[in-house]
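The chain below stands alone and is given in structure tokens; this is the form predicted on its own.
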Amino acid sequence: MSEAAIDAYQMYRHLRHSNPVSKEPDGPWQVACYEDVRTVLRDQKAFSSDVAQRAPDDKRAPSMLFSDPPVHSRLRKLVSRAFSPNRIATQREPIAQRCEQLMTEMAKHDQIDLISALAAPLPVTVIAAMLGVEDGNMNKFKYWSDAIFGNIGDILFAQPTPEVEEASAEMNAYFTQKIEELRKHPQDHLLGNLIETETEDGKLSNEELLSFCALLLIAGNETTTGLILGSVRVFHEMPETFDQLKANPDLIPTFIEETLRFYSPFSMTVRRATCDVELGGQLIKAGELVLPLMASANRDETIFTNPDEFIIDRSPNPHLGFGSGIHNCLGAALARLEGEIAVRGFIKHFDSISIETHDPVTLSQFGGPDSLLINLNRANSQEILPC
């Protein structure tokens, strides 16, 4: 591993031991220890998710991701049923069928781009089907998702680039047209149901529906993409894990949880202090930004035995890979299911998987790499096609 990549976890370790709650001049507070990170994530009264700096004339509806109760509670209630573990379990068969199609195509190659072959198309087609927009352009969906998610800092705190504004405008135009079509011809899927839903304030406005579409498309895509990427990274760095899973597929659920701890899809999030509050012996003033470092919390020595070791059957494993509290990832059950099915596909079709150019810095960057060439050792001899 490169020094830059090692330094990231060395930095987390240094922060936990020496400066668990710290800040650079004019920068946000960084929170490194598990219990403090969990406090920030769960205490929405002291640490608000409503962090955006919005212009007075900004008419966009609030996002569930960056809002507090009662707004957050109302928005989450509208979609939580569609993402319940029981409802997500009904998606197993169509997800498995789609994954098998992608894996079968991958198995025709000895080298392929993981992102375009599996990590992007699997989750984006699943969430598109749930929303009822499976007839859309999946490549466009992925492009919009990456452009917006990868520049979320600028969207919240600065001026988005023209590329991001264009992607957002294209996405809004597409979903506005879909919403208008569904108002005239209702259909029974997630977006259709949201359009027909009556709340105490009446039906959802176009702005509120667009906010949901953006959140669900992006969150449903990026979480699973990150989990698949993390799994393949583990296979490359610790190839014995692949052999263990092939010998005992019952280890897949704990493998998924340990991957979420070891290489969390999201290394951090952001909150804003609503009042002067003491945390880790430091006084955080009202209005200051706070970064709970989930990647650091998930390596906290006081919580996890041998935290820098990947233990495939680790139990218990109270990681914060999906956050905690009222903002715990809405798509957690869906990401776990897609990750499990993808790993089952890997061990069925292949004897080993490795990364062609292993660059931990690129692998750890926010949003992950745009492409990742992997080497595939097929379980059964098949015709090799050019990449």
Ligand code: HEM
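Not measured: the values here are computed from a predicted model. Numbering starts at 1 and follows the sequence shown.
The following text describes the form predicted together with this ligand, which does not appear among the structures shown.
Asker: Within 4.5 Å of this ligand in the predicted bound form: all of 231, 353 and 378, by heavy atom?
Answerer: So, no: the whole triplet misses this ligand.
Asker: Taking 4.5 angstroms as the cut-off for heavy atoms, does residue 307 touch this ligand in the predicted bound form?
Answerer: Because no heavy atom of residue 307 falls inside 4.5 Å of this ligand in the predicted bound form, the answer is no.
Asker: Within 4.5 Å, heavy atoms only: does residue 191 come near this ligand in the predicted bound form?
Answerer: Residue 191: no contact with this ligand in the predicted bound form.
Asker: In the predicted bound form, does residue 246 come within 4.5 Å of this ligand, counting heavy atoms only?
Answerer: Flag for residue 246 set to no.
Asker: Could you tell me if residue 266 has a non-hydrogen atom within 4.5 Å of this ligand in the predicted bound form?
Answerer: Residue 266: contacts this ligand in the predicted bound form.
Asker: If we take heavy atoms and a 4.5 Å cut-off, which stretch out of 75-83, 89-97, 170-178, 107-115 is in contact with this ligand in the predicted bound form?
Answerer: Of the options, only 75-83 has residues within 4.5 Å of the partner.
Asker: Going by heavy atom distances of 4.5 angstroms or less, which of 215, 291, 312, 102 would be at the interface with this ligand in the predicted bound form?
Answerer: Contact check passes for 215.
Asker: Residue by residue through 305-329, which ones have a non-hydrogen atom no more than 4.5 angstroms from this ligand in the predicted bound form?
Answerer: Residues within 4.5 Å: 321, 322, 323, 326, 327, 328, 329.
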